[in-house]
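Below sits a lone chain in structure tokens, taken as the form predicted on its own.
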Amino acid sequence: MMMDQTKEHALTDIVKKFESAFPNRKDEDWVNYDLDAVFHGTYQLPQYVEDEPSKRDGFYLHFKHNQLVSYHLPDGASLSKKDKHVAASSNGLIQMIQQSAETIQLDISNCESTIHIIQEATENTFACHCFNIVAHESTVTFNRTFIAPKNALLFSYCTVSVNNQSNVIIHDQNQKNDGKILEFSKAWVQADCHFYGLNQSFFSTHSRFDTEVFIEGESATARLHGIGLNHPKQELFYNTHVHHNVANTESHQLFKSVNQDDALFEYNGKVSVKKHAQNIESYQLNQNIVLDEVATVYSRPQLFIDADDVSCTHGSTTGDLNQEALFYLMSRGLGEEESKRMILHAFILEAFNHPQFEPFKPTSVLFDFDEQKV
């Protein structure tokens, strides 16, 4: 396939402009991530896309390439465009996204609704999406779908401001993408507000999701869950950091994975509690199942606590299927394959054991493993 050399050169210029500030393997959060491999190869810069007709019912935002191409919003929601700018950041990747894409801001006030966000790149292209969500006195669910076909490189930067007794739920669907996805999210949660994040990454080739939450007001909570299913040679990275900046707040993190032959999974999670942030409750757990001896799992749950009146726990487990549970089910007359699938089913569905996540519980995709591998 012939490519426009001007587009290739433009991409090279964009990368060179910020790469000196790109994270690298000297940074603990990136020690197992090969960023050079992400930019290896040739990508086209996307061309302008005319407004596209709606392809979905209900309320939605559709980002394609580097722009918002269509939308339909509920009452109480409004859009504005921000000038391209590069905000101060120690991460050159975020700076690059801000420079490459127009920032769209979604303001939501006195609204209860569900909005679907589609973030799409097309084959062989490099795409950036940048948007802000600001919620006031609202309860809003965002169902985000990532589309990154073969040889696509999709970058995303999303900020969320949760204000005035609002509840924001962000549900990410990353399913069977053959391209590469790097997503960065930052959320600020004010007093008496609640932020929920759920990521489902099923059988996608190469994905990284970085989420940072700043709890800024008392009686605020944050809950982050993720479940990753990896076929052979697929890679998935979760990087989270929850900051308890005030007293009387709560956070929960639960991340799980199931990995097959030569898959790579990483969970790198942090909780930071400031010295004056007393009466904190924080729970952090990572659980992984390795179906083959050569799959690789890195797990680093970490606590950084400067306060003394806290209840903070973290834990991590990695292993094969629970053999005692398998023996018990088989002793009750079930076959080995059926027993294994029941154990996997129960393991995965624990990630949805919360009222805000129950509606997103998957079905058949849970069992899209080769029979001989389970």
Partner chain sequence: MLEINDLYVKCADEDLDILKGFSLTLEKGKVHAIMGPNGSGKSTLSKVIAGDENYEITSGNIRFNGEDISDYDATKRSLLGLFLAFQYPVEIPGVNNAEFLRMAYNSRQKHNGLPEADPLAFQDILLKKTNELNIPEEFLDRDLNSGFSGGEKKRNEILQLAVLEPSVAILDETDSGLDIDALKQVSEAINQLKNENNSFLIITHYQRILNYIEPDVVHIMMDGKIVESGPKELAIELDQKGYDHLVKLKS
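Residue numbers count along the first chain shown, from 1. These figures come from a predicted structure and were not determined experimentally.
We do not show the form predicted together with its partner chain, though everything after this point is about it.
Student: So which of V38, C312, M342, V69 gets a non-hydrogen atom within 4.5 Å of its partner chain in the model of the complex?
Tutor: Result of the distance check: M342.
Student: So if I measure heavy atom distances to its partner chain in the model of the complex, which of the stretches 59-67, 39-47, 303-311, 332-340 falls within 4.5 Å?
Tutor: One stretch meets the cut-off, namely 332-340.
Student: Does E19 make contact with its partner chain in the model of the complex, using a 4.5 Å heavy atom cut-off?
Tutor: E19: no contact with its partner chain in the model of the complex.
Student: Applying a 4.5 Å heavy atom distance criterion, does A325 contact its partner chain in the model of the complex?
Tutor: A325 belongs to the contact set for its partner chain.
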